[in-house]
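Two forms of the same protein chain are encoded below as structure tokens; each is given separately, as structure 1 and structure 2.
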Structure 1
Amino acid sequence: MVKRSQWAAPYLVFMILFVVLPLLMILLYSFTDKDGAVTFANFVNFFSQKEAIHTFLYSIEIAVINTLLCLLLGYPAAYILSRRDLNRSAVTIILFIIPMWVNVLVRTLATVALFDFVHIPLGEGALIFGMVYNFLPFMIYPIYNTLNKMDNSYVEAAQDLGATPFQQFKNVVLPLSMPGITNGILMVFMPTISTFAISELLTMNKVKLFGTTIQENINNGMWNYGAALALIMLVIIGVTTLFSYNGKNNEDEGGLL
């Protein structure tokens, strides 16, 4: 008789074939050349090209700017939405979520249309606005969730003990909302760093991001080099995830008081 624990077997096989193996393919391709010989040339190539490094750093810069802008704009919004005295209606938060259900490309093209309509030239500014537009909901929602679950008696206690509104915010609300902030940063930073179509459409391909470079290389048959770039991105994302998980754990402990 088949044990129920063995029911996971088909999925395990599937995941080994189509999740683990493909990731190993990236590793394999990035350390070999066209004929399959082992080489580090792909990475040497990347680190010796000024343009490639520049694109890479520029993408990180854009991703950081985008994440910061989303945080600056999104935090107050999430805060207001979570406060019963400032926002009574539950509909407003849904209004922020709805755009996330519309296809990314349609949203981006709509942004391009908007810029055309008000005669804003496509370029770096448009890129940043478009990214903020696309990713802002992903920042607001996790922060809103944490703030919404927060026990308001902490704030009241701080108030009773004589904290000014600024102190209440800085010493009570902000630390308690940290898990939401980490989540939001993760949900905005990771997609921004790996995006490629959005930047292409918003800048008429004038500004190139790392994701676009990867896609172009793969498209042009430079699989080994493309795989090496993908591996570099994978490392960045792995590091970000680990970093944020550590941060989260610490916050959880801190949150227990």
Structure 2
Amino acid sequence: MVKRSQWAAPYLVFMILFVVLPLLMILLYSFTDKDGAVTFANFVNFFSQKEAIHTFLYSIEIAVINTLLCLLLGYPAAYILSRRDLNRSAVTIILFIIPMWVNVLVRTLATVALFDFVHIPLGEGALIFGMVYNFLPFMIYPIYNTLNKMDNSYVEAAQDLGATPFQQFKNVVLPLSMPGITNGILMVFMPTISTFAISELLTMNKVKLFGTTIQENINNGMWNYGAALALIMLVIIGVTTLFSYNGKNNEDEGGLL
């Protein structure tokens, strides 16, 4: 008889080859030069270049704007989709799923063609539009899943206590949907910082994001400096994820109070 633990062996091999090993390679290249000697010059080079720091901060700014817009547009959509009295057709949900079946590059190229058709110049505005268009579903579905699984008895209890619809949303629905909001923010914010194809296509490579800088260094053979930039980005993402999970644990322990 095969032990159940042995079924995890293929997943363990997969994680070692495609998760652990690439991360170790990034770590190794980050702290070495092209000759293999240990050095911190890659990080010193990054923090001494104003252009690199500006690109990094600008990428965070674009990611924050994109995340806020996705949240403002995604939460009402998720709320409507989760309410049976507002949405009685499964077709509406499918309409939000269909764009996910298309590759992100194809969707971005279609966006470029759309802007060209209506004679709107490509630039920062087109970049933000394309970011929202591509990442909006990643905000909608975590919130939708949370709201869809929410116990409606809490809302009914608030109604029995005389709460207005706004008070019901503010004091019951919104706090209970915070896990979905947190997951949606992470799923939108983190990929936005590291993306490069969307910015290249929607700005004709006029606007550079941090992911573009990493890609250019790797393509030009500067693996060590590119790995250091990737490590900096991974640290930012890891810290953000860590804080989000701590917040979720505190919320689970404290309940609605």
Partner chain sequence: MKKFLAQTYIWILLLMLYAPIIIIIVFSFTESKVLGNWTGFSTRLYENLFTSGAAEPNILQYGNVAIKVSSGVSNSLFKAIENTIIIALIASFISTMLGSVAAVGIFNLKGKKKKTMNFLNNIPMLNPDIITGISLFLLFVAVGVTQGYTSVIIAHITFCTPYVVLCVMPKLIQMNPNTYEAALDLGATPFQAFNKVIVPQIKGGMISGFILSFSLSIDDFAVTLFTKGNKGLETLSTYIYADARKGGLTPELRPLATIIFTVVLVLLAVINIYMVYNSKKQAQRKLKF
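Treat the numbers as computed from the prediction; the structure is a model and nothing was measured. Here, rigid core means the biggest group of C-alpha atoms that superpose within 1.5 Å across both forms. Residue 1 is the first residue of structure 1, and the numbers go on in sequence order from there.
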query = Pick one: is 1 or 2 the form predicted alone?
reply = 2
inquiry  = Superposed on the rigid core, does the Cα of Val19 end up 2 angstroms or more away between structures 1 and 2?
reply    = yes
ask   = Superposing on the rigid core, does the Cα of Val235 end up 2 Å or more away between structures 1 and 2?
value = no
